[in-house]
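As structure tokens, one chain now follows by itself in the form predicted on its own.
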């Protein structure tokens, strides 16, 4: 029986999977949903994650291994709560876990933890990355070894509250006819300790070369960025949030601009959609989550995967997540 589009694990709830191939295996770095009976809201208070469990697959179709707790918020001095979607990178002979969490003032920052093994455990840096804010880090190591950190999420992720460059608790999204807020990107130093310069908002353009507008909720950026380099092009993929699509845009440079190209996946069960894309043994796979197993409870999600296909123009063929069950 195929294990595609089925939960990787069900003994815990997992979401926001960041998949990487290390040492011939697929390692998945998800967030860890905690089941509770609180209500959902636009601020994301229902997502009460406290730790990270690293998962791995020896091969596509293999049983998933849970390596246990790799990092807990009690181990990180600056964290107050909500350790949300993480990512990982390998550089300088070490594995680095990048993660968002609220600091002691309630603002989201990005932290880093290190390990000699891809599954951890990870030892956190004592402070968050200076100048970091918002959520959903995606760490891309380019062919030249330069490390780019993409991140940012609206609403609970506070991205729109930094439009002036500083945190404004009353900050709002742009008007519907104004350019949308783009994801953030910053370059790490060679020692993987801090940003080389302040993060910048990336530009996502429509087919006419105009910035996608904030009111274009089918295409504008909301959260969950991911970066792949495919045939020399940079594929920036992300979630549209309110309309629940996974979409992508393509550019010639890791910092853009990027031109919108289409949808990766139609909406899944549950409010959020968050993903990663990885190549393994010559095939491409989409890792994602949904709330099907919990009956649609937004903060009780499970990680899944499915093969990703491209047409002869390099466009991603849109996935309909539940067609196989019809």
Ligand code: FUB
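Please read all numbers here as calculations on a predicted model, not as lab measurements. Numbering follows the first chain given and starts at 1.
Below, we turn to the form predicted in complex with this ligand, even though it does not appear here.
Asks: Just give me the single entry in 95, 84, 98, 150 that has a non-hydrogen atom within 4.5 angstroms of this ligand in the model of the complex.
Replies: For this set of options, the contacting one is 84.
Asks: Just one of 70, 264, 28, 49 has a heavy atom within 4.5 Å of this ligand in the model of the complex. Which one?
Replies: Partner contact (heavy atom, 4.5 Å) among the options: 49.
Asks: Residues in which of 35-43, 270-278, 50-58, 255-263 have heavy atoms within 4.5 Å of this ligand in the model of the complex?
Replies: Of the stretches listed, the one contacting the partner is 270-278.
Asks: So, in the model of the complex, is residue 246 in contact with this ligand at a 4.5 angstroms heavy atom limit?
Replies: Looking in the model of the complex, residue contacts with this ligand do not include residue 246, since no heavy atom lies within 4.5 Å.
Asks: Can you tell me whether residue 139 touches this ligand? I mean in the model of the complex, with a 4.5 angstroms heavy atom cut-off.
Replies: No, no contact at 4.5 Å.
Asks: In the model of the complex, does residue 135 have a heavy atom within 4.5 Å of this ligand?
Replies: Yes.
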